[in-house]
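Here are two versions of the same chain, shown separately as structure tokens and labelled structure 1 and structure 2.
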Structure 1
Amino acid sequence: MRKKKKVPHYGNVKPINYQAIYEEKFYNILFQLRFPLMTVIFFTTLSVLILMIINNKADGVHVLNYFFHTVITLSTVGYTEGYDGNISLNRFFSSMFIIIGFPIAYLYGLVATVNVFMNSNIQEIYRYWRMYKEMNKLKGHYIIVKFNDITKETMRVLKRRKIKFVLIEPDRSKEEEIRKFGVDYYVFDEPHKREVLLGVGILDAKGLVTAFEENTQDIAVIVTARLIRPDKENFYIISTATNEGAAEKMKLLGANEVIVPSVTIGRRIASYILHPPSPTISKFLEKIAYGERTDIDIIEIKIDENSDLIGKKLKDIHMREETGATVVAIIRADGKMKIAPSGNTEIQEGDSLLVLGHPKALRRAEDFFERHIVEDKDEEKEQEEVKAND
């Protein structure tokens, strides 16, 4: 009995293969060249064979001479006789070949080939094919929906951090602007369609950013994306909204974070009023917060419940020595924050560590804490309890 093919939870939808689309277009253009090229090859081969028969020569030197003789005859760049016998018969054949073969093989073949290359836009199609071929290899990238002032700034920061992303833009008229901006991977399609999101690699992506001018379009994208990637921890969706009411709806539908530009700008202005900034400090913190600095960053690392670091002091885990990153704050499970913790501060279950450092050091810090997660910690505790009872 044959097993039924398992249908994905988001439905039996096939992703759009953008590489295959342009690959087919590219081969269709090459297919148009078959008759012109076959004509040139046929008449060239025929001429060489007839000259071999007339002169009864089949060695490599004479075959090469006959081939050369045929090519320069067709191209009319010159004339030389690649034979030393049967002069009259050879000349008669060469004359007839020029009369018949030149217009058919050269004029038709060359004109048809040039016409295909001039009218088919083959260079553009080949460029798309190469772009989508590379796009299909992406892992851990981000999907950016809509090309506008908001996403431009987002893409600038991602490019500065060398983070890969794919842009989905419904309006093809923006292509020239997108190319000038320097976007490496982009498609022109409707981002709310499942096959489109699957086609740009949503199953291997880290997250999605959608920033339409209308909330309904953002909601459609969020719902479709969350249908395919329901896990909020492994796939992060960020959106914009025109008001707080729409932002709340988007969060209920699956967005991790929703930014209301008017609220964000208003709060930013208020922060300057309430806390007059030092020019140096404010710019430094702003560059870190908004990702403008590439030599320093800050991340949050949650302590896993199975970590063997729980109960240990910061000075005893030697994290800074191993990674080069620094713990600048600890947020306890009850929400209380401990700023600039000392080396005697103990790591507790449910803690979140704010770690500051160079991006490479932060990656080492993430690996450091992952290495200290013990899968069978509960079993070890049970064994220790049994030994204690014995």
Structure 2
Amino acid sequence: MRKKKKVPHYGNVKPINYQAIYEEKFYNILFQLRFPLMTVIFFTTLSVLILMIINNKADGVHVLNYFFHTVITLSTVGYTEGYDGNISLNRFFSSMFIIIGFPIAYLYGLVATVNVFMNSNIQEIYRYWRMYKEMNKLKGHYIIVKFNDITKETMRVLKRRKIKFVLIEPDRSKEEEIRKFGVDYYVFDEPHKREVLLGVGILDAKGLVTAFEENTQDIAVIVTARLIRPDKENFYIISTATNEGAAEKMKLLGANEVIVPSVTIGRRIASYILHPPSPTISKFLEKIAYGERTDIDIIEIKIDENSDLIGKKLKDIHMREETGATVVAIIRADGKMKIAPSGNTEIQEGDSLLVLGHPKALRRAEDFFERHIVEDKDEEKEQEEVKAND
């Protein structure tokens, strides 16, 4: 009787274990060594035994000499004869042994053993094995599909921000290029297969970027990924499309953001015409917007409905003194944006704050707002009442 296992919603697919694939390659090398090593051991044992029988001596010194004699014969070194007395019989045996045993044990056994090691690039197998061993530990990483100019730029930024990612590339011939580029984790496989996505840890990943030149392939990847991680909030899929129609389809199928390169570039050009670029301001904003700078960043913080900051003025919460980050805009619950709010601006329920600053300051700011979330509002009120009574 076997227990019925619970089938996951995306079907009964087993993830590919890339680490195990390379472990198996190593076992295959060992497997090839079986018969060569066996012949060497067999002929060595046989030779020692026959020498013991011929000479009728079984004490330690003689057995060691016979072993030595066998080894120097098999290895074609031949320093000296390992026996004393009964020379003619021993020489006759040695000649026969060299005629029969030498070709098999030396040419097949030893040469094949060396050959296996020479041809099996163990280093390469070990390198991949170690990489996949590390990859299996990743959590909160991003999956990037396809190695091309677009994803290269993405990976460059992610690397600068020390965000981990796994690259899936269907074309193995790009191995050299990928290694030169310096990608930490990569697999060569079809990204639209469920077992591949599971194998690179999609269940623990934060998001996926797919940037094929062809829409159909992107769609296949998006659908597969969304099938495994249906929650749009917790798993972010970004894709590229060649036209608006395909982009719309991709969004309906589960992509969070779809970028149409031609449209994006066209708009960018138009914006340069409309607002002639000032070398300092526009570059500064661009760098913040595209995350190119590592010393400044902008994030959105949503005010929790249980936050005790609601109803307080910005100047009273002392966020800038505590964290070093600055509130540059407030987005109200109705979607209206208040840019550069003054200190007298009141925080209301449903607000989102845009906060600018050094990434470390931003992390402190996130903690700051989290700390101000009160578990139970009634409890707080009770405490206030108690205080008032005192």
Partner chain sequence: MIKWGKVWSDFFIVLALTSNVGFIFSHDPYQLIVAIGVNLIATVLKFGAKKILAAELLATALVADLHLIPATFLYFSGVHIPLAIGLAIGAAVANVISIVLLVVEIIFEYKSEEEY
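Just so you know, these numbers come straight off a predicted model, no measurement behind them. Counting starts at 1 with the first residue of structure 1 and goes up one by one along its sequence. If you superpose the two forms and keep the largest set of C-alpha atoms that fall within 1.5 Å, you have the rigid core.
Structure 1, not structure 2, is the form predicted alone. After superposing the rigid core, the C-alpha of Asp184 moves by less than 2 Å between structure 1 and structure 2. Fitting the two forms on the rigid core leaves the C-alpha of Val61 displaced by at least 2 angstroms between structure 1 and structure 2. A displacement of 2 angstroms or greater separates the C-alpha positions of Phe369 between structure 1 and structure 2, with the rigid core held in common. On rigid-core superposition between structure 1 and structure 2, the C-alpha of Gln32 is found to move 4.3 angstrom.
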